[in-house]
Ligand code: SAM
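Quick setup: one chain, the form predicted on its own, written in structure tokens, and binding and motion questions come after.
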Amino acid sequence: MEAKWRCIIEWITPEDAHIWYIRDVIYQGETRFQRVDIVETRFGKHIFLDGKTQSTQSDEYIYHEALVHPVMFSHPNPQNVLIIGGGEGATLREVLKHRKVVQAIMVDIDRELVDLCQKFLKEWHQGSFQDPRAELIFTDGRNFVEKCDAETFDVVILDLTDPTREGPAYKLYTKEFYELIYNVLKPDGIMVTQATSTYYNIEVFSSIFNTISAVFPVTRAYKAFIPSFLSDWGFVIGSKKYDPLKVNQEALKYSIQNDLKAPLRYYDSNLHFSLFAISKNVKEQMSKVGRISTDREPVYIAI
């Protein structure tokens, strides 16, 4: 951060950047794993990790509802849920809105970050960490699933930082990792991951889709426009059985009205299907780029 100009320059690609004017500084520091800036911009409270926007007060609900609810409502009985990442607590918040959830385990590598989010980002977690159905485990997400018993979870949600060379998450986007996720899902289990920008990182988005397709029999890509991300943002679902595009719309509408403990602001039964409408130009690009990511040859974003 450049204190003189009260701004953060966020590099999106090696040739594109966004200059964020900082109205106020709430917290700046480093954890064992990453740099943390919690500031106020025109989007309200705004958290950066290693100089990259993670979420903002004004539109975090779009990202978190888009990440959580399509996969949760695609499963008829999501009782046991695993979240890897999601330090702000908003993914956990959205999962716990579902009355059917009996247990939600959240695994994050960075205890210091979660402590900071509990202190400074109450608008995100809204007390979800204290819900009796929630269990927090602080360890590496890959290490956790490697040691898990098989067929444990109905739903797995991967709310991860982007796969960068320097960051802690790049091995959570490989074929070997998705095979581990497959193994900890029940026979009708389903997973979702954030999958980076469908515009600025089309190669990585395509790679995530292709890699999950190599593991799961049902794979669906979708996107939602996140204003603070300056882009349509990609997500990919991998499923052993249930197809998100075959959800009954009337049943979905009923479930949204009756199976949630709190209302939604973004997602509804009509939006569910439109999220999966990938434009022709993006589909054409996806068919040309995006190799399968492996532990030996992982795929990274450019910056």
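Quick caveat: nothing in here was measured; it's all calculated off a predicted structure. Position 1 is the first residue in the sequence shown; the rest follow in order.
One more form of this protein, predicted in complex with S-adenosylmethionine, exists but is not displayed; see below.
*Asks:* Contact check in the predicted complex: E203, S207 and I301 versus S-adenosylmethionine, with a cutoff of 4.5 Å between any heavy atoms. Do all three pass?
*Replies:* Not one of the three qualifies.
*Asks:* Is there any non-hydrogen atom of T139 lying within 4.5 Å of S-adenosylmethionine in the predicted complex?
*Replies:* Judged by the heavy-atom cut-off of 4.5 Å, T139 is in contact with S-adenosylmethionine in the predicted complex.
*Asks:* Is S74 a contact residue for S-adenosylmethionine in the predicted complex, using a 4.5 Å heavy atom cut-off?
*Replies:* Looking in the predicted complex, residue contacts with S-adenosylmethionine do not include S74, since no heavy atom lies within 4.5 Å.
*Asks:* Would V39 count as a contact of S-adenosylmethionine in the predicted complex, using a 4.5 angstroms cut-off between non-hydrogen atoms?
*Replies:* It does not: once S-adenosylmethionine is placed as it appears in the predicted complex, V39 has no heavy atom within 4.5 Å of it.
*Asks:* Just to confirm, G189 within 4.5 Å of S-adenosylmethionine in the predicted complex by heavy atoms?
*Replies:* It does not: once S-adenosylmethionine is placed as it appears in the predicted complex, G189 has no heavy atom within 4.5 Å of it.
*Asks:* Select, from the options 126 to 134, 210 to 218, 95 to 103, 139 to 147, the stretch whose residues sit within 4.5 angstroms of S-adenosylmethionine in the predicted complex by heavy atom distance.
*Replies:* Result for this chain: 139 to 147.
*Asks:* Would you kindly say which of A90, I181, L113, A224 lies with a heavy atom within 4.5 Å of S-adenosylmethionine in the predicted complex?
*Replies:* Going through each option in turn, the one that passes is L113.
*Asks:* Residue by residue through 191 to 229, tell me which have a non-hydrogen atom within 4.5 angstroms of S-adenosylmethionine in the predicted complex.
*Replies:* The stretch touches the partner through Q194, F229.
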